[in-house]
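So this first bit is one chain, no partners, the form predicted on its own, shown in structure tokens.
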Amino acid sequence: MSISNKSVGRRSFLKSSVTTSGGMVLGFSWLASCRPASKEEVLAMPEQWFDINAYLKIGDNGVVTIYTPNPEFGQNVKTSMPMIVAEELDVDWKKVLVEMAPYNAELYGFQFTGGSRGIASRWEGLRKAGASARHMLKEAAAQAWQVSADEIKTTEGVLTHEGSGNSATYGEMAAAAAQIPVPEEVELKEVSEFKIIGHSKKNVDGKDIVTGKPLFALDHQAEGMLISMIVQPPAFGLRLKSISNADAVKAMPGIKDVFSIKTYSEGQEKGGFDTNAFPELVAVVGNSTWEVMQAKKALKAEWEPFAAYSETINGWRGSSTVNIPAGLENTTDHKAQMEALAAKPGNVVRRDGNPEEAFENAANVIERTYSAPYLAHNCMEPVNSFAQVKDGKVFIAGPLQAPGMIEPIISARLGIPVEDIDIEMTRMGGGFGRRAYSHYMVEAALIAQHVDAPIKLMYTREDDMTNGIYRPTYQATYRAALDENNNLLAIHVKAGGVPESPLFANRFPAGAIENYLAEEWSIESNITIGAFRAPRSNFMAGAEQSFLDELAETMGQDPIQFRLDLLKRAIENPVGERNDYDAERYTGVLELVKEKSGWGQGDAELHRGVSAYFCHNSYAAHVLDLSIKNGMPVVEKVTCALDCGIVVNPDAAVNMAEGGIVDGVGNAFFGEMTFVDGMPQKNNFHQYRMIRMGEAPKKIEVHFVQNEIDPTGLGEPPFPPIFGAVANAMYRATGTRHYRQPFLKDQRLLG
């Protein structure tokens, strides 16, 4: 057993109490999937619930409700997190109900979904919650039976004492257990004892999703609720000057009001996720979606350029000053600016050995430049939020990844104390960064406050796609120095972007090269960018892995073996002390994908590309098999190997990897946002090309490295390396290397 100390403080989630109030819980079994539940599968609801700690309550009949603390946007933490609690509680999963926990920083700490840190950040705490509850139940039984708690065993929600022959269900001991003091330390199970973790469980929201039950903020209804939409500047670099026909629009059928709002007060401090493309907007409020849409189209607003300015952002690493330039920017100008900066010395971030001398003495130098465009998130569920401001209190319901970061902004802007703000975390229809920027919740609250009525704010797809928070546009130049025998002497990478650099100077192949130089640069912009699935990694992986593939070919080496040889050096004799990655784990996924893909034994009609990458503390490797049909590439199969530590819910983990792979293939082939005079050139799916069902890989196999390492990231790591795998496979199919994304531009895969 592992012994874990319990930290008790302001946010202690282990506080014990007893309640006699009943719980309203839906009576169906998610184990039944989409078929009707049989009588045996419908859980009988308890007459009484007993709160054991903030993460769970136990009914008098042994049914257990487990609360999941982190927001859910499809990665299935709402299932996986309760599985961790249930494992340590030692309860029958069939008797578990799952609910979304309320937003409560005092009880649950930082309720954030992002950075692939959901399971990793909650792993120990969730285990303690379940183990502490099991300890309290055992103590209650020990007191009732007058025996030692150490002699009591638990199995699937039943307590037994072999010596006395006594047994009881958790439900029978729940009331007494709620009175037991919280233990200072608890025993955690060994990995070999797991019965729930590592065994697939179906999505607890699965039945509600497929039957259309209300789970999302767009489903939220309230008496007297009005509909609101926003009108934003048509281009970055512009701000609102005036509204010329507000009164005429107000007179349109069903319209209640038209007015401007400012998301932030003058001088209001912003946090790291308070990015907002257009801080002053026009709000249109009315009775119905159709009426508001017609009024929005009729609105005539005048826009004007804004002057350059600077603002202080209090982000993860403290305060920093961000300069926002004036002007209407163009994609073509960005390209020229990036090429100009790439030709100049950059800011040196890492230097190992003497790379300058190695390049000077090289017999051959290979230099390649890679670039990628802005990308829009395009979540399935467009931006929206419900808000009501009444009697000095705020109620917000919406899709958000970080309620704790938007709450103080709402408080400061509306002048309402945080204790009077209630945030309901709804299920999100997609996220991966976009929902961390919750400016729309502030907008909704301001609109509700202004009209003194509950409102539902809805962005159209056009509003959403042109509102910013894009993946930045990037460029990276790689150089390699070779001697007369094609031995690798040095690698030099110089990377930058608009408005940030994507460089990770201490990742592979740093640490595996004697002479290594990493430089970066950036260009200021008023086009708003933000976290996009595996930020920065989603570009650097493709560039790096494409270059390594070309380098291996030049050196006459097998692409996988070339990478393994570099990693062997990083294992046996690493260069430097700041290497972010574990070379042995990195080697493990490459060896696994080599085995599972049958590398070297491919079909002559298939063209194979390999790619591997480390990010979010996990390791992913792909082998992509591609064919050419009717002159266009078709992805036949992707073999994926992942090392993300202990896999809590295997089916869900496979689903997440599959989603990342499909998403990556689509973005590699098609993803692109461009600008002319600050205006986004694509505003809906007829222009912004997304992958279609018939274009997804025909087959995806996902394999996990088996180990007992605590869980690391999974939502993002499978995404970045797919870009390199696509590029490398396309080269083998066509003989042409691809250096600029998207690889197919506006062409269609299927004719």
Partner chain sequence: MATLTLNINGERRQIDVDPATPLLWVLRDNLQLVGTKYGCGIAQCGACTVHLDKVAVRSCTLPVSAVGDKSIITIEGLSENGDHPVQKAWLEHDVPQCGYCQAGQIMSAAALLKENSKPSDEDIDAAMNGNICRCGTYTRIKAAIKTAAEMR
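Note that the structure is predicted; figures quoted are calculated from it, not measured. Residue numbers count along the first chain shown, from 1.
The form predicted together with the partner chain is left out here; the points below concern that form.
**Student:** Quick check on F432: any heavy atom within 4.5 Å of the partner chain in the model of the complex?
**Tutor:** Residue-level check for F432: yes, a contact with the partner chain.
**Student:** Answer with yes or no whether H377 is in contact with the partner chain in the model of the complex, where contact means some heavy atom within 4.5 Å.
**Tutor:** Yes, H377 lies within 4.5 Å of the partner chain in the model of the complex.
**Student:** Applying a 4.5 Å heavy atom distance criterion, does K202 contact the partner chain in the model of the complex?
**Tutor:** Answer yes; at least one heavy atom of K202 falls within 4.5 Å of the partner chain in the model of the complex.
**Student:** Would you classify Y459 as touching the partner chain in the model of the complex, given a 4.5 Å non-hydrogen atom cut-off?
**Tutor:** Close contact exists here: in the model of the complex, Y459 approaches the partner chain to within 4.5 Å, heavy atoms only.
**Student:** I need to confirm a contact call. Of G271, P279, G659, P355, which residue comes within 4.5 Å of the partner chain in the model of the complex, counting heavy atoms only?
**Tutor:** Selected option: G659.
**Student:** Going by heavy atom distances of 4.5 angstroms or less, which of E360, D219, E524, E304 would be at the interface with the partner chain in the model of the complex?
**Tutor:** If I apply the 4.5 Å criterion carefully, the residue I get is D219.
**Student:** Tell me which stretch of 472 to 480, 207 to 215, 443 to 451, 571 to 579 has a heavy atom within 4.5 angstroms of the partner chain in the model of the complex.
**Tutor:** It is 207 to 215 that comes within 4.5 Å of the partner.
**Student:** Can you list, in sequence order, the residues from 676 to 705 that come within 4.5 Å of the partner chain in the model of the complex, counting heavy atoms only?
**Tutor:** Going through 676 to 705 in order - heavy atoms within 4.5 Å of the partner chain in the model of the complex - the hits are N684, F685, H686, M690, I691, R692, M693, G694, A696, P697, K698, I700.
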